[in-house]
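Just the one chain here, laid out as structure tokens, in the form predicted on its own.
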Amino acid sequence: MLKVNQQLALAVDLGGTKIIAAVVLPDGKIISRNYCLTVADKGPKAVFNRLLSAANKTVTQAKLKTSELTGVGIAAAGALDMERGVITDSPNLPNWHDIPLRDILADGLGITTYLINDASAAALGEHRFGAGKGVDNLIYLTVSTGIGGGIIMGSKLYSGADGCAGELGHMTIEAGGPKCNCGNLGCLEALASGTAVAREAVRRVNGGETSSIVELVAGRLESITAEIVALAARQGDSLACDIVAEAANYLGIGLANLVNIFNPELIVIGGGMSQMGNMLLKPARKVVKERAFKLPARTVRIVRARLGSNAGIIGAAAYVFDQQLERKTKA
């Protein structure tokens, strides 16, 4: 039973393939939660309609009215202008350039709305209620189809001058490396993401190398995913083990850079690739010890995230509560 005047936030996690909406309490508890496909290929307007439908359905499921909410937090992938509430560019949402998503949803829902990068939201969620609870300085890295990140400094989210801080997947690891979705070459995302792992497996199989991966996908190479490669690696397939080890090495180089730059107490690894566990993280930790300065390398702990797919929505809700508190303090 909800208390009278209980604070509640609606949080929406907008991804390239799915939309998750939830009503969340200040303690991170989820009251109601809904999931639907993004249908990004149908264009921004179709996505707006899906967002509004998911939001309204979630509020109704919680037996609430939007007027009873403290605010709405939208966690979205891509480069954001948080001050203006605009998605300037998003590689996972085709044709999304300078989209004023915050204002569109605020108009549609009739309530104060905030926009935050999805990985930054997940960082906030893990810091408040997950693996980073009680830690003042941490880095969150989501390693999935792509690689994103969030930075917590002095227990506060660091968003940078324009709200674009945390694009950790786009640090250059190998100057002449493969092309990334962002257009650059040799980004961490292009070398250590789930997409990179699958791409490398297809390349090497097409190059004539033998692997049980082919049998696992019944010869359909277009069906190869990072999960399939991980499964083959667990079964002892040498090609799969080599590909995972290479991704772990690149990940470790990226983590070593973060350790040297930020000197965090904790690095939290989330996203689908984190499901590989120590098969990925143990060699990555070894690279950090070899490459980072000794003192920060000894200090940092590198662990898996705890909140799973709820990290972004819980963090987006926390961002709403933070912004509302800040507004009251300034009033």
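Keep in mind it's a predicted model, so treat the numbers as computed, not measured. A residue's number is simply how far along the shown sequence it sits, counting from 1.
If you look for the form predicted in complex with another copy of the chain, you will not find it shown, but the lines that follow are about it.
Undergrad: Specify the contacting stretch among 203-211, 164-172, 123-131, 229-237, defined as having any heavy atom within 4.5 Å of another copy of the chain in the model of the complex.
TA: Only one stretch passes the 4.5 Å heavy-atom test: 164-172.
Undergrad: Quick one: does Leu80 come within 4.5 Å of another copy of the chain in the model of the complex, counting heavy atoms only?
TA: Yes, Leu80 sits close enough to another copy of the chain in the model of the complex that at least one of its heavy atoms falls within 4.5 Å.
Undergrad: Would you classify Ile151 as touching another copy of the chain in the model of the complex, given a 4.5 Å non-hydrogen atom cut-off?
TA: Answer yes; at least one heavy atom of Ile151 falls within 4.5 Å of another copy of the chain in the model of the complex.
Undergrad: Using heavy atoms and a 4.5 Å limit, would one call Glu265 a contact residue for another copy of the chain in the model of the complex?
TA: Yes, contact at 4.5 Å.
Undergrad: Would Pro283 count as a contact of another copy of the chain in the model of the complex, using a 4.5 angstroms cut-off between non-hydrogen atoms?
TA: Contact check for Pro283: no, nothing within 4.5 Å of another copy of the chain in the model of the complex.
Undergrad: Which one of Thr112, Ser223, Asn260, Asn95 is close to another copy of the chain in the model of the complex, taking close to mean a heavy atom within 4.5 Å?
TA: In short, Asn260.
Undergrad: If you check Pro296, Pro44, Gly272, Pro26 against another copy of the chain in the model of the complex, which one has a heavy atom within 4.5 Å?
TA: The option sitting close enough to the partner is Pro296.
Undergrad: Within 4.5 Å of another copy of the chain in the model of the complex, do we find a heavy atom from each of Asp89, Asn137 and Arg291?
TA: Every listed residue reaches another copy of the chain in the model of the complex, so yes.
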